[in-house]
Structures are given as C-alpha cells and as structure tokens.
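In structure tokens, the next block holds one chain alone, the form predicted alone.
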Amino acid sequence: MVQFPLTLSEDTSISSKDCMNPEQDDTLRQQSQEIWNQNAAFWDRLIGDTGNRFHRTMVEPAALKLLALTPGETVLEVACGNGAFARRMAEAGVQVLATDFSTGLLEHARRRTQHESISYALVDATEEEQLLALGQRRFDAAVCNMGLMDMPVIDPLFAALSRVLKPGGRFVFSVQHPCFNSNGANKTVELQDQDGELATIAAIKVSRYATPWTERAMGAAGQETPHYQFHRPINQLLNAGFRAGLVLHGLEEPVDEAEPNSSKWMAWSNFQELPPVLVGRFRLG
C-alpha cells in the first residue's frame, strides 16, 4: 500500500476544533485532492458505467426519488466522481453540469460518457466563488451523492446553492449514515439463545457520534490510499442548509433489502434494520 504523507497530526484523527483553522482547511483540501487523484482509477473500476451494487440499490433509488426529475430541467451535480449518476440523470431527459475537484475522476467520467446532455467542469465545492461562477439562478436542482463527508467544510457549498438554484429549486444529498456507518460505529454479529435455539443477531455498536471528527479511512476494500473523511452529526449537517436559508423537504434512510448473506457476516443485507445511507432533500424557498 502506498502511504500518503500525513502532516496534520501524528494520529489519523483530527479534532473538530483543529478543522476550524482556515489554514488547516486549505491543507486538508489540497491533500484530499491529491489523494482522490491517486485513487481515481480504483474508484472508476469499482463504480464502472452504472455504479456498484451499493450505489445502484441504495444511493441511486433514494436520490432519484427525492430529486423527482422533470425532462428539460438543468441539474448541477457536485462531486460527480466518474459520472455514473450524471449518466443516470441524463437518461431522465435533463441537462447535467457535473463537477468534481479531481482531474483524474473527471478524465474517467468524460471517457465513459457519450450523452450530449452532460458537461463536466473542474470545481472545488468548498470554494463558494467557483460554484457561483457556474451561474446564479441557473439550476432547477442540485445533487451531491456520497460527497459531503469527504469535504472539510460544507458551508460554502450551501451558501452557493442558495444563489445558483432557482426559486423553489431543490438540493438532494446522500452521505454515509452518521449514526450507523462511520468509524465510530462497529458492526457486530452474535449468537443468542432464543427459546432453546441459537439465533444470529447482527447489530451495530456506536462508541462516538456527537462530536465531529476527521480521519483517514478506506472507502472500499482495495483502495490504494486512505482518504480523509469528515464526520458530522445530523444536526451539523442539516444546520448548514438551514443557515443558507434552505428548508428540509424530504428524508430517506435506505436499507439493503437483499437476502441475508450467511457467507459474508458483515454485509449490509444482514443489517436490514440499520440504514447505511442518509439521503435528504432541501428546498430553496
């Protein structure tokens, strides 16, 4: 495994107070960008043309439901990755401007995309001015799938959304569920005697949640370089939207509804009462 130099802390965990330092935020942005460029080929292979199973069965259906796309609309995608969701939206007849801060991921997105209704742009969503340059009151909707937890700051994005969205426009986001799918939540599988029969109980043990933290993590098995993740409790996530004048207008917590997998104890299909994803919709009044 290639080790990326960690200069912000001797440990991979950084306290929320440290992340409020603008100078350190800039360093985190720069390092995050370099890491995602390093990992671009891996994630392109993992996601492919239409997304991996996690994306197709939990993230995509909930995000499309809340977006409620109408043909002819113009949609901004933030943190588009290799363009899988942009291509799915284009099939619904909308115009998509898909953005990411990784040149590597954008290269893969362009290579995989033939839709004339999709354009790509290099944009750092932590920089409000870069987003505003895309056009004020231009977009009917915006979406960011599984990206907010990879951003050191999210207030600039929400502030920009309040100006680039048309009146009544909506913003849909999906994140790893802060309660059940973080490095503070560990999966457990136990055997329990229930009326004389052994039953397998899948559960999640939560050791930390309320205090934001930043640390390096493996997004998927086989990833070459761990990337930064920024845990935020639900109140901090939603308050960023409220501060920007957005109103919460829908919430989904999809679970893996596939048959339980006895050969893979930690598969999400064995934890069907515990959602790994939180998907929300804000509206601009």
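The structure displayed is predicted, hence computed values, not measured ones. All residue numbers refer to positions in the sequence shown, first residue = 1.
Keep in mind that the form predicted in complex with a small molecule is not shown, yet the notes after this line are about it.
A single residue from the set 107, 128, 73, 150 has any heavy atom within 4.5 angstroms of the small molecule in the predicted bound form; that residue is 150. Of the candidates 58, 246, 47, 66, 47 is the one whose heavy atoms come within 4.5 Å of the small molecule in the predicted bound form; the others do not. Partner proximity in the predicted bound form, defined as non-hydrogen atoms within 4.5 angstroms of the small molecule, places exactly one of 198-206, 163-171, 89-97, 120-128 at the interface: 120-128. Within 4.5 Å of the small molecule in the predicted bound form, a heavy atom is found for not a single one of 180, 184 and 215. Put simply, residue 146 is close to the small molecule in the predicted bound form: some heavy atom of it is within 4.5 Å. Using a 4.5 angstroms limit between non-hydrogen atoms, residue 141 is distant from the small molecule in the predicted bound form. Proximity of residue 158 to the small molecule in the predicted bound form falls outside the 4.5 Å heavy atom cutoff. The closest heavy atom approach of residue 175 to the small molecule in the predicted bound form falls outside 4.5 Å.
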